[in-house]
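This document opens with one chain alone, in structure tokens, the form predicted on its own.
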């Protein structure tokens, strides 16, 4: 007999990241060196819960796609890697619109930090929007989790694009000022935009008379695509 059960899942922590919106977030973890700071909720902030975590170079983060839950899910989804028109089964995809809205990312463990008397966990290679709730953290175990013979035929057919990223010369003073607070900003912008975050159906265009915008930290970044390269044209503080 098959039974359907309901379970309660509790947020144990939230993660702060540079990504203030879903647009331009890397398609998978570790495609950009974006850092995330994990702060534990009351009842899960006991430092003993992290005892031994320094033994692992990487960690699995299990989280909730909290911004998509109200939109529900469908059994098939549009696949960005197939140009945004072809569909795939939801369970054959990494779509954020899932039956239970649970996601998973493997990130680099950068160790614990203590701020205001609270122990937090610093990670790198995140692909999560700022404020994402975490429901579990597990060690990445190489001998069990890494499958050298694994294949991804979609990646063979539609590899992640790579474009050269440059900043307009007039932005150098603003960039230097930003990096006084966020010393990874230039590298972060470059790694995020090099993957061409435009909709898949536009990634084939090497020239486009349009300025796209993405918010990283509290900076509004404007960029354009010209002659196959991405040019950062604006850097605006949002306060």
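Because the structure is predicted, anything quoted here is derived from the model rather than measured. Positions refer to the first chain, counted from 1.
FYI, the form predicted together with ligand SAH isn't displayed, but the following is about it.
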{"property": "Options 162 to 170, 137 to 145, 108 to 116, 124 to 132; stretch whose heavy atom lies within 4.5 Å of ligand SAH in the predicted bound form", "result": "124 to 132"}
{"property": "Answer option from 190, 28, 203, 45, heavy atom within 4.5 Å of ligand SAH in the predicted bound form", "result": "28"}
{"property": "4.5 angstroms heavy atom contact with ligand SAH in the predicted bound form for residue 194", "result": "no"}
{"property": "Distance check, residue 64 to ligand SAH in the predicted bound form, heavy atom within 4.5 Å", "result": "yes"}
{"property": "Partner contact for residue 68 in the predicted bound form: ligand SAH, 4.5 angstroms, heavy atom", "result": "yes"}
{"property": "Any non-hydrogen atom of residue 78 within 4.5 angstroms of ligand SAH in the predicted bound form", "result": "no"}
{"property": "Neighbours of ligand SAH in the predicted bound form among 101 to 115 [non-hydrogen atom within 4.5 angstroms]", "result": "103, 104, 105"}
